[in-house]
Structure formats: C-alpha cells, structure tokens
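In structure tokens, the next block holds one chain alone, the form predicted on its own.
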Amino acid sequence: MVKITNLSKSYNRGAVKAVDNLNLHVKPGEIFGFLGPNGAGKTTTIKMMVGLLNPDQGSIFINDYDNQRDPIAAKRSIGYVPDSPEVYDRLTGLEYLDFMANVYEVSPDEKKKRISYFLEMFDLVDAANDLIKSYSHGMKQKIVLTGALLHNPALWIMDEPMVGLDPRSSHLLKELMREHCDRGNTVFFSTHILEVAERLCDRIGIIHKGKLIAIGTLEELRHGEHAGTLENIFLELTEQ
C-alpha cells in the first residue's frame, strides 16, 4: 500500500536534514503508527506522502502509483487529515463536505449517505448548517476527518488525528481505523499518544532526527535490550 525508498528532504539549503534516507513499507490491512519527538521528521514525511512537499530524493508509491509521476491517481487513494484542521471558515459544515465529496467525484446517492453517516457519528448534525468559523477546535477536527473519509479511500494518512477530539469521538475513530484495516485497507498515522499506538497499531515505526531508528510490532521492538511499555522503548531509543 505504501512503499517509501531512499526518501530525503532538507531545509535551509541543506543545512537541516528533516528526513534522511527513509525506507519504509506499509502493507495492506495494517494500522501503522509513525512516532517520533517534535521535529523528528514525521510531518515532513507525511506531507511528502500526500504530495504537499517534493522530496529532494527518493520515491513514494501509494497503492502502486508513484506519487510524483502519477500524483492524481495516488491522491485518489488517500484520505488525508493534517496536523491542524485548516478548513474554509466561511463555508458551512455541509457546504464543505459537499465540496470535498465533489472533488473526489462521489456519486450523489453515496455522498448523501456517507455525509449523513459521519455527521451522526460525530454528533455534528445540529451544526452542519453553521459556518465553520463558529466551530470549536474539536468540531473542526471532526469535519476535516469526515471530509477526508467521504470518498472511502484505501489509505488513510493522519497526522495527530485525535488531538482535540472528545473521548467518544476518539473511541469511534479508533474503531473506524480498525474496521477499515480489517477490510484490507491501510491506516498510516502519527501520534504523541503512545498508549493509543501501543493498543491500536499492528506495527510501529520510530523516527528520530530524520532517520528511522526502529520498526516492527510491539513484541519485535521489545526484543534485545529494550523491554517494557512502548513509552519506555520510545524514551530509550530517542535519548540515545
């Protein structure tokens, strides 16, 4: 589903190596957690995956599409939730969702059904006709999540998707992620909530200073000199 090869990205004319020769393969049917300290390269990697940044070198294949040579086909396979819910404030929630569904050419019947499903799930029915600028941070996060998932993409790419969500919505999102992957699809998400990653992820990758320093299931990460909770493993690895 995702194949990243020799991926690198620098800033300030090469002075800052944000992502350094990253190699990563995420398979269909798995929830993959992408962890790292602030500034480790998580968001830069994700922005290259969804086509918002061009890499200095390397390749990214999404659902067998090269996202640099065939960007539209790659993007059609993706539902992207950024690290902050930047939306069109002067649209209503319903107008925004209608726009997102049209961008991805969702059929009218499917659009109506899926918008209704997510609005009810995230308790946004009463706010659907309000301007987004009146929404709280959590409501904006839920409307962005809904817009990203309306076209039922095979790959969900989410950058800190649970920030701002109330406990019920966070629980529902985790259930959606598991159900999505049980159908043979893939979720790639970053998070600082290590307990969530520990309980939810099939595999975990840890990036530090632009380099992938560990990857595997939780049991695989516990092998060798590292043991205990994911938090303990994460702190040991990123302090070295």
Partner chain sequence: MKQFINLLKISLNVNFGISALRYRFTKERKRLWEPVLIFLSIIVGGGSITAFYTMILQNVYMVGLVLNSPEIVIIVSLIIGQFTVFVFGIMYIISAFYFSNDINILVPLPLKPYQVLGCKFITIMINEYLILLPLLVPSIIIYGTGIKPGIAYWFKSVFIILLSPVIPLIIASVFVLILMRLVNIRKSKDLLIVIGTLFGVLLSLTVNYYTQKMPDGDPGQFVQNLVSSRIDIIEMIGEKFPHVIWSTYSLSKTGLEGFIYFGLTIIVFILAFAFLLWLGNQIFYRGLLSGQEVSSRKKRLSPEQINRKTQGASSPVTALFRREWKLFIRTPIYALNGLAGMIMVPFILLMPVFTRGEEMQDAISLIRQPQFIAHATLGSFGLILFTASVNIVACTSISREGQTFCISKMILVAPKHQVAAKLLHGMSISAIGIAVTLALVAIVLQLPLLRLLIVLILGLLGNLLLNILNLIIDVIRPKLEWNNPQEAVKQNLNGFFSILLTMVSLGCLAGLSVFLFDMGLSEWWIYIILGVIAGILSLLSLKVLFTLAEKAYKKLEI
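Residue numbers count along the first chain shown, from 1. None of these values were measured; they are calculated from a predicted model.
If you look for the form predicted together with the partner chain, you will not find it shown, but the lines that follow are about it.
Colleague: Please determine, with the chain shown alone, which of 24-32, 183-191, 52-60, 197-205 has non-hydrogen atoms within 4.5 Å of the partner chain in the predicted complex.
Modeller: Checking each option against the 4.5 Å cut-off leaves 52-60.
Colleague: Counting non-hydrogen atoms within 4.5 angstroms of the partner chain in the predicted complex, say which of Leu165, Leu119, Val87, Leu149 makes the cut.
Modeller: Partner contact (heavy atom, 4.5 Å) among the options: Val87.
Colleague: Kindly confirm or deny that Tyr11, Leu91 and Glu95 each have some heavy atom within 4.5 angstroms of the partner chain in the predicted complex.
Modeller: Each of the three qualifies.
Colleague: Hey, in the predicted complex, is Lys133 touching the partner chain, heavy atoms inside 4.5 Å?
Modeller: Yes, contact at 4.5 Å.
Colleague: Does Met100 reach the partner chain in the predicted complex, with heavy atoms at most 4.5 Å apart?
Modeller: Because a heavy atom of Met100 falls inside 4.5 Å of the partner chain in the predicted complex, the answer is yes.
Colleague: If you check in the predicted complex, is Asp109 within 4.5 Å of the partner chain, heavy atoms only?
Modeller: Answer no; every heavy atom of Asp109 is more than 4.5 Å from the partner chain in the predicted complex.
Colleague: In the predicted complex, is there a heavy atom of the partner chain that lies within 4.5 Å of any heavy atom of Arg114, even though the partner is absent here?
Modeller: Heavy-atom contact with the partner chain at 4.5 Å: absent for Arg114.
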